[in-house]
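Just one chain is shown here, as structure tokens, and it is the form predicted on its own.
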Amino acid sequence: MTLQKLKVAFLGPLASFSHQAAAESFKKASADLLPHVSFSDAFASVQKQEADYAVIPFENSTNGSVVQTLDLLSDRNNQYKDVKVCGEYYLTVHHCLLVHKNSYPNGLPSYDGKITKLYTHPQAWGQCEKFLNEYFKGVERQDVSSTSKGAEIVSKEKDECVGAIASHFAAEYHGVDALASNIEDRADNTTRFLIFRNIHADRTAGTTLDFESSSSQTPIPNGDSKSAEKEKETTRKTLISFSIDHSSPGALANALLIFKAHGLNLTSINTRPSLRRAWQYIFFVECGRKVSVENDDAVMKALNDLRDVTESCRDLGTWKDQLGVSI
């Protein structure tokens, strides 16, 4: 019997950085990569089990967190209750300034200042500020749904001289030229993508891909001592969200101390508005731990204690730390 290919959702269109991240993170698996027009559509496809996984950008090393992803994880209307993080992928991001085919055959030295509008995804502007301020100061910036969409707009524009910030991959796909390459502010500009699955999906319940964390439910095969040792050395990351009573002094401190009490190392904290009352927030805490017999149930114990000091809390998933593996 032929096994059906995995279905992997990502933010489209084709040739976006999300497409590249999905292709690279699932390169060892048999998978169909499915573009979606928005982050919420990709999330919904996993919740409805129309896709097995979704690859979604979470943060950039230069420009910080992707608020659209945090808003989806806030899940204020309980739309994505079965969607959890199961992995991560780090993609080194190199941006190009793309222009219409053959408009500047000699590259940036021949640029005559005629570009009137630039297109890209909102995250990309902050990653290329130095270049933009030097060559395109005052030029109108237009947000679009993805970097690849910007490249597509440039390829179809016939009347106006426009440009886009996107990848070489997008330039080749849409048939446009790179006026300049590697225009990002930092050479180590990297985007971390989170990989999501539906915790009730049978198709993914019995699989452990390279980016996923094995657990007591998915033990290492007997006799594979090298794999066992490597597994013990691997750091696990966990993402937890919670809300607190903002009127209670020390409420946030009490919540954060629980992570320390259970040996969980805090690596990042983010917030988004709760939308229940102005100036009240949902907190997102990412923590890590080295696998050991002693801390095997540390996350579960921390969650139990958090329920006593927060108004609500949610386990958003545990996965294998890929930092230092993919970069």
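Start at 1 and count along the sequence shown; that's the residue number. What you are looking at is a predicted structure, and each value in this text was computed from that prediction instead of being measured.
There is another form of this protein, the form predicted together with another copy of the chain, and it is not shown here; the text below is about that form.
- In short, of 25 to 33, 260 to 268, 293 to 301, 38 to 46 it is 260 to 268 that has heavy atoms within 4.5 Å of another copy of the chain in the predicted bound form.
- Using a 4.5 angstroms limit between non-hydrogen atoms, Y173 is distant from another copy of the chain in the predicted bound form.
- Contact between D188 and another copy of the chain in the predicted bound form is found at the 4.5 Å heavy atom cutoff.
- A residue is said to contact a partner when one of its heavy atoms sits within 4.5 Å of a partner heavy atom; Q142 meets this definition for another copy of the chain in the predicted bound form.
- Contact annotation for S61: at least one heavy atom lies within 4.5 Å of another copy of the chain in the predicted bound form.
- Using a 4.5 Å cut-off to another copy of the chain in the predicted bound form, not one of L108, T116 and N182 places a heavy atom inside that distance.
- Applying a 4.5 Å heavy atom cutoff to another copy of the chain in the predicted bound form picks out P249, G250, A251, L252, A253, N254, L256, L257, K260, N265, L266, T267, S268, I269, N270, T271, R272, P273, L275, R276, R277, A278, W279 from 249 to 280, in order along the sequence.
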